[in-house]
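The chain below stands alone and is given as structure tokens, in the form predicted on its own.
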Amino acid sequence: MAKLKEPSFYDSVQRNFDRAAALTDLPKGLLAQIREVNSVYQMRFPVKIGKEYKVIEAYRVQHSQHRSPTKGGIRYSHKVTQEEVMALASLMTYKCALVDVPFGGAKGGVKISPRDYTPAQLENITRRYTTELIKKNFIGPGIDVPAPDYGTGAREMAWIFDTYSVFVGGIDAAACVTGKPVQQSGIRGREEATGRGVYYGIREVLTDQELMDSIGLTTGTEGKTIALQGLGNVGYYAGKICTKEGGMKVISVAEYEGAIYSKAGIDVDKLVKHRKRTGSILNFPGAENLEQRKMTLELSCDVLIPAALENQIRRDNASKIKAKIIAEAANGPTTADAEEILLKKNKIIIPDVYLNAGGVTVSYFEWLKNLSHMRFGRIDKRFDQNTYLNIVNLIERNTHKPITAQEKMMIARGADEIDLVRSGLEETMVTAYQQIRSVMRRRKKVTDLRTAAFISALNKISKDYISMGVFP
């Protein structure tokens, strides 16, 4: 009997779309327009590496221009394909709509392994890629705004900003890309944004009495156990914030070099320092090495956080997943076939289209900051602080119960930029979750969070198209 082929990442995204679309009453033509990718820019360009020239394969995909600009990260990986970038761009469209960020979806990919290049070589590749985007009008504050993704970070975004400034310039040039260093028109809180959003999303699910009753889990984050796959930017901040602010416990971590386990819990800050010092997460003090890294996915725990790449939970291992909740910090970690198996096993899947939307949400804040040319909190921080201080002083005088200067300033402190960013992100994640659950409560046939999230996104996108006069 021939072995069934596992659906690709793009196939899974399209199947998720189709499942949700079938439960809406939207016109078929409108759904067809939303479903398909609008533009694909496939490029190959030469870059001098050492004494030789190497031809680099790269992509930029714009899935939907129902809102402008389009928005999405740039991935550096030797596994990049056009289909993968199309899948990521599609997800960005639905993700932005779901969390009410006014962008269309896009994504970029450069087919290289960053480990194979020096910083100077990566800079040359990044600047040349940016130049190609500029040539074809695939980048700009009101056109298409890239951001970091797997294999890229603030450094690469700074190179993109600088290249765009040289070739195009303009007063709003900083808004051509987000995820930049704070010193170069970035925003505080962007680096942690996706991981922090993961925490807020997990917290909302864990405090949902109805859902927790359905899987036999008590409500609240305190004491819940986590298995974490991937210790990159997203995995690190998700693990750190879940433990520090949610009182949760990371019991296992997997990376490409292997996996570790500790029933007592793993301090991800100390683990990152250990990895920098030794080059591996293995042999971490207080933890045992697991025979295979895939064992992290199969451990008994409350929450499994796949924060690596797509297609990690497949048909061949879905039945081995023991976690009660799968929190998709990565894009597309669960194939469509695997999801069917997990749902039949009464697992809750917190979908990527919602859970990792923290990155694009704070990127939106950075974009707004760049266009307004104003740091968040600059105008109102001192006014708020003085107002709160006056209130505290009035209460102190009337109650005759003085407090210390330190306590007074803690109560009266005005909001800094990072406070406002975190507050805005939390509000976004809470509101989006409420909308997803509202869809599930209104539609009895919708029994999982992913389908509900897609329906919520499709309804919002359809309203945009109708308001444009494209569809009656």
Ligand code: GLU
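Residue positions are given as counts along the sequence shown, with the first one as 1. Here the structure is a predicted model, which is why all the values come from computation and not from measurement.
Another form, the form predicted together with this ligand, is not on view; read the next lines as being about it.
A.B. asks: Report whether the minimum heavy atom distance between D149 and this ligand in the predicted bound form is within 4.5 Å.
C.D. replies: The answer is yes: D149 has a heavy atom within 4.5 Å of this ligand.
A.B. asks: Just to confirm, G72 within 4.5 Å of this ligand in the predicted bound form by heavy atoms?
C.D. replies: Yes, G72 lies within 4.5 Å of this ligand in the predicted bound form.
A.B. asks: Is N331 part of the interface with this ligand in the predicted bound form - any heavy atom within 4.5 Å?
C.D. replies: N331: contacts this ligand in the predicted bound form.
A.B. asks: Taking any heavy atom pair closer than or equal to 4.5 Å as contact, tell me whether R190 reaches this ligand in the predicted bound form.
C.D. replies: Answer yes; at least one heavy atom of R190 falls within 4.5 Å of this ligand in the predicted bound form.
A.B. asks: Taking this ligand in the predicted bound form as the reference, which of G105, G359, P306, G109 has a non-hydrogen atom within 4.5 Å?
C.D. replies: Looking at the other structure, the residue within range turns out to be G359.
A.B. asks: Of the residues M92, I160, L297, I350, which one places a heavy atom within 4.5 Å of this ligand in the predicted bound form?
C.D. replies: Selected option: M92.
A.B. asks: Which among 436-444, 64-72, 37-45, 422-430 is in contact with this ligand in the predicted bound form, heavy atoms within 4.5 angstroms?
C.D. replies: So the stretch in question is 64-72.
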